[in-house]
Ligand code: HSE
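Shown here is one chain on its own, the form predicted on its own, set out as structure tokens.
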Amino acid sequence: MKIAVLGYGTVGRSICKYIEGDSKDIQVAYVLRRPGKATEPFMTEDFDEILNDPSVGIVVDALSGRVDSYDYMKRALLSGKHVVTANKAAVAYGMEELCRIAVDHNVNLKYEATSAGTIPIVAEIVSTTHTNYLSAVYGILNGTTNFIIDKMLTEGSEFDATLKEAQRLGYAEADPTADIGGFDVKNKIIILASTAYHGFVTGDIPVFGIELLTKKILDDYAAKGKTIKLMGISVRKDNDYALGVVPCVIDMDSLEAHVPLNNNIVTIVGDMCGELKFYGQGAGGAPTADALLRDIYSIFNSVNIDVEFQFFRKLNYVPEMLRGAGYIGNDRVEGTLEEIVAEAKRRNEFVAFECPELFKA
């Protein structure tokens, strides 16, 4: 089978290198690059060249920009080609439309690499929903922010200095807004909740990042045997659900409290399996490429997901399902996550959310 890879950054190069060295069954026919960058015979600047080649069975999206990635994926699906993607922003933005196009054209849209790095969380969620009703999905879904919090807690450094170290090591971008603002986690929890709950969730959810976090805040919680982790959280009952992104207060004895550096941990809760936790590298070129390659091979080996079955529910967003206490400055505020985040933003103060629905703190 021939594939086309969109983008030739760290992830795109990793995919090409692996396939060229270790795959006898799959061939990279094209690599799409920006104008002026197509310097090798297998590279192209023209996406139509890929679409018009019937020998290309899979388009592998390793791009970062939402707009171009979404457009390329949509056009590839409409042309009858399978799509494998790592672009969380594009999938979270157009998940419903892209999935419906995939169903209508009898092709696969695979998105394992969009969430939690190398952890096979999408595959595990899909497998678990065959025998379980899933009532919650939550976890640490961003390696950059977890690295920052872990370093601040273990080394006693302040936020700005730790962010600079994360940028120096390549964990954080020059513009870290998507990570520290919680927007990267927002895209991931939208994707995972939609998959777990068999329907498409809203993108209009409460989001609060860690920009206002200080060493003193972490020290104060540590003195009480607690800590803080930025989390994507979601719950469901029947067709009702709630979700959001917020720094959460957790017990220092919890598994989440001991997730180090750029690692992730994701929890799903089912009626038969109970609580399942998945841990692994949540960021980096090799882990992301690994997740993309697994999706490529699942299509090649005809292990296909019935997308129409996955998203048959009409879900209702009910913010009242996520209630708890928000610690804003010196105040403890009771309410929904949506209300608490809104109040913290109004005050421009850091908030930590205590959610008994998901974990004790």
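Since we're looking at a predicted model, the values are computed, not measured. Each residue number is its position in the shown sequence, starting from 1.
One more form of this protein exists, namely the form predicted together with the named molecule; it is left out here, but the text below deals with it.
Engineer: Counting any heavy atom within 4.5 Å as contact, can you tell me which stretch out of 122-130, 208-216, 250-258, 167-175 lines the named molecule in the predicted complex?
Structural biologist: Among the listed stretches, the partner-contacting one is 167-175.
Engineer: Spell out, yes or no, whether the shortest heavy atom distance between R236 and the named molecule in the predicted complex is within 4.5 Å.
Structural biologist: Judged by the heavy-atom cut-off of 4.5 Å, R236 is well away from the named molecule in the predicted complex.
Engineer: If you check in the predicted complex, is K186 within 4.5 Å of the named molecule, heavy atoms only?
Structural biologist: Although the named molecule is absent here, K186 would stay clear of it in the predicted complex, with no heavy atoms inside 4.5 Å.
Engineer: Though only this chain appears here, would G282 touch the named molecule in the predicted complex if you measure heavy atom gaps against 4.5 Å?
Structural biologist: Flag for G282 set to yes.
Engineer: Whether G143 contacts the named molecule in the predicted complex should be assessed with a 4.5 Å heavy atom distance threshold; does it?
Structural biologist: So G143 counts as contacting the named molecule.
Engineer: With the partner left out here, which residues of 71-96 have a non-hydrogen atom within 4.5 Å of the named molecule in the predicted complex?
Structural biologist: Sequence-ordered list has one entry, K88.
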